[in-house]
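Next up: a single chain in structure tokens, the form predicted on its own.
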């Protein structure tokens, strides 16, 4: 059994933990849970710190419980939120829960015969039949209003003047009861979460102590930041999702490939399963030749394979190499339309009907059809003869020959003019 706490410490994944946790976890197999709000049908990379914490917990021989907040997702956690969140209906929540479970299965083993197999729980299962009167009698009486008001998430909202609905105010009681329920019924003695969850988590430990005289523990991981101060996990296009339909494997790979050197050294510890020796060797290699970006490449590879697949990683690498000329028509042909357009985002797209494409007698005709790529046939001829033009990564040798290459995805031609200038010809059907 690996030392879970030691593993998290060297990876920089511990913010706070309650006294006695290390001793408790060393006594034998323990169970811990971490919650996910099903506000979307996919997790994004902001959730990955929690997911990786559960992964390390299971790899250390302990049992991870992934709690999907089917009940709390109807309310919304006020922690570090400036306004109340839109409430979700049950049908939407069920759809979101199914999507999240599918993603968690890539990280956690739910099917193992071992006693530490991962378990998925939904707090709607025990909260849906709980009447309001029962809740305030059996839970509310153990936690004082003064205790709840002292929580940072509550104080911040009140100080900002936005107020806090009673619905949101009760969130920490519901999360506290989740911990109590899992402690009582699943033998779960530890709750894991982000540092913004500390107040909600210790409400659970307090409820367990007051209601049953029991002992429970908490551990939080740091909220991830970027070295430049901008928000982690956000791009110009929005959040980076684990769902390939929301964020393609290519875009996902590119996000990690383009992190700064300082962030790469931190992220490779948190978001990969690489061991300490491997990571430290990569850091030495990176220091010796930072331009080769060894850290970023290893980070992007490991997390892309973990979230998607080795095949998706290989396609993402091919897609990346296309921009630097290290590719062929075969490489281009392996890209789906979405990835192809993402690789060449911002490139001028010239649309033409199929008849115009078919009637182009030569490369010169095609490349000067609307004067976007070349203003004149003379200019085009000169660059072609100098070896500076390719279509679908195949160099044009004779400007008078007809372009015979097949259309990518049955409608695209990629034109490269010089070393770095690209155009896309889209042939309309």
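Numbering follows the first chain given and starts at 1. Superpose the two forms; the largest set of C-alphas matching within 1.5 Å is the rigid core. No experiment lies behind these values; they were computed from the predicted model shown.
Another form exists, predicted in complex with the RNA; not displayed. Remarks below refer to it.
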Three residues, 56, 62 and 161; all within 4.5 Å of the RNA in the predicted complex via heavy atoms? no
In terms of non-hydrogen atoms within 4.5 angstroms, which of the given stretches 153-161, 134-142, 252-260, 355-363 touches the RNA in the predicted complex? 252-260
Touches the RNA in the predicted complex: residue 46 (any heavy atom, 4.5 Å): no
Taking heavy atoms only, is residue 421 within 4.5 angstroms of the RNA in the predicted complex? yes
Might residue 296 be said to contact the RNA in the predicted complex, defining contact as any heavy atom within 4.5 Å? yes
Give a yes or no for residue 372: in the predicted complex, does one of its heavy atoms lie within 4.5 Å of a heavy atom belonging to the RNA? no
Residue within 4.5 Å of the RNA in the predicted complex by heavy atom, from 40, 31, 391, 383, is 383
In this chain shown alone, the residue from 238, 214, 187, 290 with a heavy atom within 4.5 Å of the RNA in the predicted complex is 290
Within 401-415, which residues have a heavy atom closer than or equal to 4.5 Å from the RNA in the predicted complex? none
C-alpha of residue 383 off by 2 Å or more between this form and the one not shown on rigid core: yes
Taking the rigid core as reference, does the Cα of residue 368 move 2 Å or more between this form and the one not shown? yes
After fitting the core, residue 417 CA displacement of 2 Å or more between this form and the one not shown: yes
